[in-house]
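Only one chain is shown below, in structure tokens, and it's the form predicted alone.
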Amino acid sequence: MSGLKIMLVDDSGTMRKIEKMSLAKIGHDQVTEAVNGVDALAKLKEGAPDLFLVDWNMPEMNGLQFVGALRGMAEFKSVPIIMLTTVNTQDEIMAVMKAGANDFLNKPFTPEALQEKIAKVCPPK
């Protein structure tokens, strides 16, 4: 279905497995996994993804810090980022968007909801 290369950044192995299965269900199978922002930054040397799916709460470098780091790098200023989170107060959502995320999706989510968000930030070319 899709040729998108996606980087999934989440410290929970169980959540990564669920998220990866959701992505596969909607046709996305080119997924690189990272356990936190530090790991994700290191894995960028292996190739740039077309989309980042990022958890908020992670050790070492959380999602908000990771988004800020990405947006500070010229080559990643425009790569879409969807924050996946259980955090959902108005202030926290505004912080995510101000840091440079394109959208957010509350956990738990359905594959269909994920597909809608991906279509919104990565429209077909």
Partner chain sequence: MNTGAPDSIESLNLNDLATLLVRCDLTSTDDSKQLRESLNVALAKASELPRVREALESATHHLDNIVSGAASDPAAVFSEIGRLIETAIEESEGMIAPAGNITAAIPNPPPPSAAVPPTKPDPAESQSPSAVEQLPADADAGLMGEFVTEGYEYIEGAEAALLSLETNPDDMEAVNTVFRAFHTIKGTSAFLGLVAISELAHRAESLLGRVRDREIRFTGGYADLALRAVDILKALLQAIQEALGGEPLRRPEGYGELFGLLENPEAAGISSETVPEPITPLRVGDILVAEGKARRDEIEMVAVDQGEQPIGMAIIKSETASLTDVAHALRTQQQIASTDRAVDSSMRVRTDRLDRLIDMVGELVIAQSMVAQDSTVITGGHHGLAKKVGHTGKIVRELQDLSMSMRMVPFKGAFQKMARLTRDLAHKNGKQVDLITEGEDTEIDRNMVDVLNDPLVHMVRNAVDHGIEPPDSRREAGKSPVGVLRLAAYHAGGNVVVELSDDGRGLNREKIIKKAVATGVIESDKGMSDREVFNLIFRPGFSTVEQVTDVSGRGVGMDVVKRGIDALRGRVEIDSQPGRGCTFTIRLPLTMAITDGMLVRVGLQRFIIPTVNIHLSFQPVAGALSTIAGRGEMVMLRDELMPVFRLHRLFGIQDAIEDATRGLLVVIGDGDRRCALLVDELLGQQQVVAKSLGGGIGNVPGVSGGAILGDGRVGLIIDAPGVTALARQLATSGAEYVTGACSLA
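Remember, predicted model here, so these are calculated numbers, not experimental data. Residue numbers count along the first chain shown, from 1.
The same protein has a further form, the form predicted in complex with the partner chain, not shown here; the description that follows concerns it.
Asker: With a 4.5 Å heavy atom cut-off, would you call residue 113 a contact of the partner chain in the model of the complex?
Answerer: No, no contact at 4.5 Å.
Asker: Residue 24 versus the partner chain, in the model of the complex: is there a non-hydrogen atom within 4.5 Å?
Answerer: Contact with the partner chain, no.
Asker: I'd like to know whether residue 65 contacts the partner chain in the model of the complex, with contact meaning heavy atoms within 4.5 angstroms.
Answerer: Heavy-atom contact with the partner chain at 4.5 Å: absent for residue 65.
Asker: Is there any non-hydrogen atom of residue 53 lying within 4.5 Å of the partner chain in the model of the complex?
Answerer: Result no; residue 53 lies far from the partner chain in the model of the complex.
Asker: Need the contact residues for 6-31: heavy atom within 4.5 Å of the partner chain in the model of the complex, sequence order, or none if there are none.
Answerer: Stretch hits, in order: 11, 12, 13, 14, 15, 17, 18, 21.
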